[in-house]
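In the structure tokens that follow, a single protein chain appears in two forms: structure 1, then structure 2.
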Structure 1
Amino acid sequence: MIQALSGQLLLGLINGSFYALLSLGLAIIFGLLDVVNFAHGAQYMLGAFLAWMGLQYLGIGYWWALLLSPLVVGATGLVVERVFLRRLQGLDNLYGLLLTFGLALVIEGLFHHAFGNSGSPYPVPELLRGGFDLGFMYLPKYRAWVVVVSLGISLGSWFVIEKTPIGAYLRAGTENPRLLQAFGVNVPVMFMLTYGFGVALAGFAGVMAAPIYQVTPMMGSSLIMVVFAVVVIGGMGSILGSIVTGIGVGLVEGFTKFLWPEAANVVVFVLMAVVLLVRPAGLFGRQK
């Protein structure tokens, strides 16, 4: 009984860690650029695939992939912002949404074409094999690693954004980018770097996910639906909200899987509907 519950809660915590990493990136991007980045799932998949391809074709291991893959995904983000998104500034944010949605379809389509539908396994790095026996449950080392690192990255990002001068630029730009630019800050470059960072977070989450889930071209599109629900529940653009809600939603899902397994896939969306009815701006969002 306890074992089943804690097992599901651990699974929920791990899913929640990925939700937090992904919704954090979405929140940062939406906050500053006013872009709903529908390519986020594809960029997460790209991160996982780059790690897999690196290992398969170049013999690059997990640890290097964890560093390089987000950098490459982030670099593609810089290009996407510079070449496409910048042209859509000042237009309704529906255009950015449609553009990134189209981009996601193109990226996923290309990988589908090249690698097919079936998943490829990615080995757990040697250092993180095995696990701990906690008495009431068995905790695989890699899963503990995922939770700790995701939390660390999420809280680190929150700290940088809320407590440092770099974060002050981001917060000010989120409020009024035109005025910030009139004060002498190169806001266009800030937009580009912020999009690159948010996308790099997605790529990082992808590498972290590779040893747990199968690496497939569609791995992002199934996850991103839940992540968007998380963002709506937490409040569009709220940094802390996206982290707390990400973990929370993962745990709620895990708990539901224990109580009523059939409802586990739906509970997030029920929660989203309820939050939208009661607090349309989300749990942590500011009412406009």
Structure 2
Amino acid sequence: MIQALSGQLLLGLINGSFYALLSLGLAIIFGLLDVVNFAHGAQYMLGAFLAWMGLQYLGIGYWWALLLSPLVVGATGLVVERVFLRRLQGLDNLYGLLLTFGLALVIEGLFHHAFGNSGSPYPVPELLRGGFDLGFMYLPKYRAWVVVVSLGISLGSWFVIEKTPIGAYLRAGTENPRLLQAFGVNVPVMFMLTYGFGVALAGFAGVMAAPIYQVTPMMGSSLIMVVFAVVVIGGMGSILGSIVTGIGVGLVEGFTKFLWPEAANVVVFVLMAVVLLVRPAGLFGRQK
């Protein structure tokens, strides 16, 4: 029983690491740009597919893909912000949601047409094959790597945004962009880079997910609703809330799979409903 519970909690911790990384990108984009980025799941899928295509067609391995794929996804984010989202500034954020939702459908449709609906495997890098025998369970090295790196990237991003001058500029640009621009800061470029960084996190998560999950055009759409629920539970725009809630929801899912497997797919939405009833701004959000 202990071995089964440990296995489910490990699976929940791995899922929670992806929830934290993806919801972090969503929280950054919403909290600093006021954009509900529904294309986040498609950008996560794009990161995984870029890694897979790089390996299949160019011989680019995992470690280079971990660097290059997020940069390419982030660059596409810069184009999206500059060409589309910037035109919606000052409008209701519903317009941004509809735009990014349409963008997600286009990206997923193109990849579905090109690669079909069947999954494509991506090999675990040789350095991270094997695992650790903990006595009560076997811990694969790659899954331990995913947890450690996801937490490191998430906490590092939180530190930069909350504790450094760069983060202070970003928050000031959100509250009073004209005043910040008067001090010589190019606010539009800063916003563009912020969106690019947020979607690059999704691309990074996609590369790390490729050796664990099948690389499919719909891998993002099956995950994005859970990630949005995580963001709502943590508090829309709360960086720390997205990290803590992402890990917590993953562990709750794992524990639920052990006790009541049929409820594991809906427990996050039950949690969201309860949190919205008790604290509408989310666990870490600011009450208005």
Partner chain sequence: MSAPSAAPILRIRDLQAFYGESHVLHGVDLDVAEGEVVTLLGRNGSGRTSTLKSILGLVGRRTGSIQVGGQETVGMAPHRIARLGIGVGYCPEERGIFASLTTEENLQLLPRIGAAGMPDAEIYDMFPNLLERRRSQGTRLSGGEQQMLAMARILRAGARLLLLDEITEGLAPVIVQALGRVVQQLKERGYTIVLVEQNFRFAAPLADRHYLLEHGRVVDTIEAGQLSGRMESLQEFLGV
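Structure 1 provides the reference sequence; residues are numbered from 1 along it. As the structure is a prediction and not an experimental result, all values here were calculated from the model. Whichever C-alpha set is largest while still superposing within 1.5 Å between the two forms counts as the rigid core.
Matching the description of the form predicted on its own is structure 2; structure 1 comes from elsewhere. Core-superposed comparison between structure 1 and structure 2: the C-alpha position of residue 216 differs by less than 2 Å. When the rigid core is held fixed, the Cα atom of residue 74 travels less than 2 angstroms between structure 1 and structure 2.
Here the rigid core is superposed, and residue 173 then shows its C-alpha moved by 2.4 angstrom between structure 1 and structure 2.
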